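We begin with a single chain expressed as structure tokens, specifically the form predicted on its own.
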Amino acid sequence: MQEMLRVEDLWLSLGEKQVLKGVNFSMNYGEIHVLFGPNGAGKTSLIMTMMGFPRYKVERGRIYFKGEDITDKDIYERARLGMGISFQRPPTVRGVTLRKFIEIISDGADREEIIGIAEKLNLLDHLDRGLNEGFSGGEMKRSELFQLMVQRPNLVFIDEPESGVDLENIALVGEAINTLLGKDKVKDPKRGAIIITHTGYILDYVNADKGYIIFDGRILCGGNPRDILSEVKKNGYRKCAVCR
């Protein structure tokens, strides 16, 4: 399979804290990878760095996407190349409706398609409300995935899709992720995802290809995501670090 993303010897500091310490990582087109790790391990910092947020400046190392070195590219350039992100805590934007925002960012989606996606995500009643204004945790997650569905990125970063979401909404979020990635029909060789999860509940709905443990700014190990989750539940992350 053709490689879509490669991270080589990535180092990052935020203030005086060294957050990422020589991270090496790669994935092919069409794959879903999962990042496990305790709070403060560097998971969100890693995806924010790969997405190109200005605060997350690479100190050392390189990032390649679709064979192109994007280490020094701005976030909008990475988005145009086919990257997208779903935040753990997306901002509220008053004065801009969800409908208007979707129309602005949509990649050729027509009105009928937008209404169809909104209906599937139970967001029809939210289209004329301010973006994320008064939304529940589950509604925010579905709104984020709605935005990604009309953008159609090749690679999406999804930060803790279970956070603030009840069990009923997790199933809907999982279904939406599969639809976004084309996994609900025929496997799409062009679309992939990197998902951060604490609980692992999303694995009940999304069939991930590989999992990794991040601890203290380093990737400790990789393998079958369900096996990794089982080991973490039994022994915790610190035991994984000791074994490593």
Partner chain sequence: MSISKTYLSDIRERAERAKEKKAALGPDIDLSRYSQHIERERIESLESLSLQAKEAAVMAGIDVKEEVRSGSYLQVDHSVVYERLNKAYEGRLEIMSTTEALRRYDWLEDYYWRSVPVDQDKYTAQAELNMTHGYFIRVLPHQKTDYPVQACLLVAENYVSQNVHNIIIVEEGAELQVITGCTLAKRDAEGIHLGISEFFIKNGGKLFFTMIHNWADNFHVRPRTVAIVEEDGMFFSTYVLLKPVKSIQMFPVAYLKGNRASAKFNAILYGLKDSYIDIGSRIILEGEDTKGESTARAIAADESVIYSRGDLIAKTKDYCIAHLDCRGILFSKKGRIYAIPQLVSDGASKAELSHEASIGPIAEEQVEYLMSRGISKDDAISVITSGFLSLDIPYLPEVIDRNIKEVIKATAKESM
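Numbering follows the first chain given and starts at 1. These numbers were taken from a predicted model, which means no experiment stands behind them.
Another form exists, predicted together with the partner chain; not displayed. Remarks below refer to it.
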Practice task
Just give me the single entry in 109, 115, 127, 105 that has a non-hydrogen atom within 4.5 angstroms of the partner chain in the model of the complex.
Solution key: 105
Practice task
Answer yes if any heavy atom of residue 202 is within 4.5 Å of a heavy atom of the partner chain in the model of the complex; otherwise answer no.
Solution key: no
Handout entry: 4.5 Å heavy atom contact, residue 172 and the partner chain in the model of the complex
Key = no
Practice task
Spell out, yes or no, whether the shortest heavy atom distance between residue 163 and the partner chain in the model of the complex is within 4.5 Å.
Solution key: no
Exercise for the section: Classify residue 121 as contacting or not contacting the partner chain in the model of the complex by the rule of any non-hydrogen atom within 4.5 angstroms, answering yes or no. Expected result: no
Completion exercise
Among 191-199, 28-36, 210-218, 51-59, the stretch whose residues bring a heavy atom within 4.5 Å of the partner chain in the model of the complex is 51-59
Handout entry: Site test, 75, 85 and 96 vs the partner chain in the model of the complex, non-hydrogen atom cutoff 4.5 Å
Key = yes
Handout entry: Sequence-ordered list of residues in 109-142 near the partner chain in the model of the complex, where near means a heavy atom within 4.5 Å
Key = 131, 132
